[in-house]
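Next up: just one chain, as structure tokens, the form predicted alone.
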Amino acid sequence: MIQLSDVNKAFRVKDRKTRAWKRIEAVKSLSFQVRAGEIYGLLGPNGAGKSTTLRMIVGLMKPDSGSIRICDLDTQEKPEPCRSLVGYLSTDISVYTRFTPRELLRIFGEFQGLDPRVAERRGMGLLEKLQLKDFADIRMEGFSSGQKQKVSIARALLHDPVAVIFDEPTTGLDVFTAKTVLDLLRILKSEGRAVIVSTHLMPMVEEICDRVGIIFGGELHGDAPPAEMLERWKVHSLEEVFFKLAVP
């Protein structure tokens, strides 16, 4: 469903002290795949390369080398068809607060070329799954961050994507809203979608992910079910794996 093969990405940045340009390798020879009906946890600290990897998958960045395929389509050769297959939730949960959730989803349905009746049906169905249906016709000016996050999720899933990528979906959410998001991820898995969840919350990954990969310094360490990762590293939690990588 989603396949990354030997993907590399580097940036040129200016050193704050010396003002000299230097090369930062954000992603190094990254390879993994996510199958249909699977939740893949992409773990790592801030700056490890997680968000860069996700942006390359959804076509917001191009890899310097290597290939990314979605449903056997190359993202560089077929960028538009690939984008239509993916639902992407970024860390930015901003919404147009002068609109109601129903209005916002209707507009994004038009952007995506959906029939208005289809967009309405899907939008209301998603709001119901996210326990936000009662707020469908309320302007989002006073919405909490959790409510805005739910609307952003509905917006990402409106076009019925076969692959779903969530970047830090539960950060800053209260425990009840976070549970609603996790329950939705399980539903997406049961519907046969390929799901990637990028996060630094290890307990959440152990709870819902079928396989995990830890990015550290742009490189992937391990690509296996959580229990197998723990056995391989002879530890009791993914946090311990993480700390072993951080302090060799």
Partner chain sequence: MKGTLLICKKEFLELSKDRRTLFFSFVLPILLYPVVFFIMASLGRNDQTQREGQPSRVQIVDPSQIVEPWLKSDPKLFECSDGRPANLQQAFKDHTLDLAIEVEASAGARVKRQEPYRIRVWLDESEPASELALQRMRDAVKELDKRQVSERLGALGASLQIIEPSRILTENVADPGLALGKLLGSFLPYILMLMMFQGAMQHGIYVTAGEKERGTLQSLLATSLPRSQIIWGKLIYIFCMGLIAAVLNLLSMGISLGLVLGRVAEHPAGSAGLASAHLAAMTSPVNLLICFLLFVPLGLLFTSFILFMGIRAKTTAEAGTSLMPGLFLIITLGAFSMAPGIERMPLLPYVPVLNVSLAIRKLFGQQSSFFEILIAFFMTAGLAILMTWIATRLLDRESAIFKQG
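Owing to the predicted nature of the structure, the values given are computational and were not obtained by experimental measurement. Positions refer to the first chain, counted from 1.
In what follows, reference is made to the form predicted in complex with its partner chain, a form of this protein that is not presented.
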Even though the partner isn't displayed, in the predicted complex is Arg16 close enough to its partner chain, meaning a heavy atom within 4.5 Å? yes
Could you confirm whether Met61 comes within 4.5 Å of its partner chain in the predicted complex, counting heavy atoms only? yes
Is Arg98 near its partner chain? Define near as a heavy atom within 4.5 Å, in the predicted complex. yes
Residue contact check: Ile107 to its partner chain in the predicted complex, 4.5 Å heavy atom: yes
Answer option from Lys28, His200, His221, Arg55, heavy atom within 4.5 Å of its partner chain in the predicted complex: Arg55
Which of these residues, Glu120, Asp160, Glu168, Glu103, gets a heavy atom within 4.5 Å of its partner chain in the predicted complex? Glu103
Of the listed stretches (108 to 116, 171 to 179, 126 to 134, 67 to 75), which one has a non-hydrogen atom within 4.5 Å of its partner chain in the predicted complex? 108 to 116
For 134 to 171: residues with a non-hydrogen atom within 4.5 angstroms of its partner chain in the predicted complex? Arg139, Arg155
